[in-house]
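Given next, in structure tokens, is a single chain: the form predicted alone.
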Amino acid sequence: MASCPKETDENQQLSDAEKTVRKDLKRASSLKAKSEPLVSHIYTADPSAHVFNDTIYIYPSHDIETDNPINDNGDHFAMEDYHVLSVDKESGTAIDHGVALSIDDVPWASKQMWAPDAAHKDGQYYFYFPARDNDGIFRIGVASSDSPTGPFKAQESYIEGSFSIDPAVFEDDDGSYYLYFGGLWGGQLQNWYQGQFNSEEKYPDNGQAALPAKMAKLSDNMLEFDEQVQDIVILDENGQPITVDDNHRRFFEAPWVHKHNGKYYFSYSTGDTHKIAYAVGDSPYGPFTYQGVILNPVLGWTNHHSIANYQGKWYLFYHDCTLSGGQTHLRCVKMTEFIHDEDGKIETVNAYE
């Protein structure tokens, strides 16, 4: 296990991530988790779950030990490959299908294979993943396989026009596929303006609309964007965009979309307030109106999720740091059932008793 950063009186010099590690290491032993890790022989995080061929497949990132500093850019998240998990229908236990894609197999990528996702179309499986290119800029790549567990073969280059992190694919009822993505801080959304990457970070002023998540429809071959990248706008109860200083409701990272009773649910992490929140709209393009919290904060700095319907029940997939005793970069994937009420509201999940 990685060790906790040494105590210091200069607490104001610590990153938010370091402060969270210290706090979580102290409280980890007192928490009683409601769900157990799906696998415990490796560290997994950022689970993207889908039902293919009547089986739940989970596409997580793969956390590893590292000596990189713990900071708000996420250098301590140094993942190098991906494993695919599935849940056995009879026993409910998770199966690790081994390495599905490695950094060494991606010509354009240099490091940090963060949260991925997958999709299925016409007998092929497509795996979407972020990584830094050789210039240190996060891009989104795609790989393909004839099996949901891989191995996946990556395209020679990243998706043209892609940037930032956390790709999430949504398949609509008409067979259209949409890719949602974006993340602040280490995810570099704040570096993208005037149509290009800039070394200087730029945030809106307090009271202005928050930086939005991004999305684009995928082409028929699932390898390219079929349109210009669009903004995902989240509105408050008065129909106004959520502001940048409203960090309990504004988008930070980890977009996900699911559909329930004809409505589109856009869910996401609030980042530094550690919640999974959601908003609802009438189109995959939004706008989406904020509704509430799906998952309260978990042990660890990050909170990242996905949602899938299996045999008529809705399941939330998420991660925390219980397996590592509170190490924020060594996480474990979990799942739990959740409920939409009669009005379509999602009942908030607490991960601990």
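The numbering used is simple: start at 1 and walk along the sequence shown. All of these numbers come straight from a predicted model, not from anything done at the bench.
This next part talks about the form predicted together with beta-L-arabinofuranose, which is not shown.
For the options V84, A115, A279, L189, the one in contact with beta-L-arabinofuranose in the model of the complex, meaning a heavy atom within 4.5 Å, is A115. In plain terms, the part of the chain that comes close to beta-L-arabinofuranose in the model of the complex, with a heavy atom within 4.5 Å, is 164-172 out of 164-172, 100-108, 149-157, 228-236. At a distance threshold of 4.5 angstroms between non-hydrogen atoms, S61 is in contact with beta-L-arabinofuranose in the model of the complex. Though the partner is left out of this view, M79 does reach within 4.5 Å of beta-L-arabinofuranose in the model of the complex, counting heavy atoms only.
Proximity of D46 to beta-L-arabinofuranose in the model of the complex: non-hydrogen atoms within 4.5 Å are present. Using a 4.5 Å cutoff between non-hydrogen atoms, T302 counts as a contact of beta-L-arabinofuranose in the model of the complex. Taking a 4.5 Å heavy atom cutoff to beta-L-arabinofuranose in the model of the complex, the contacting residues in 316-331 are H319, R331.
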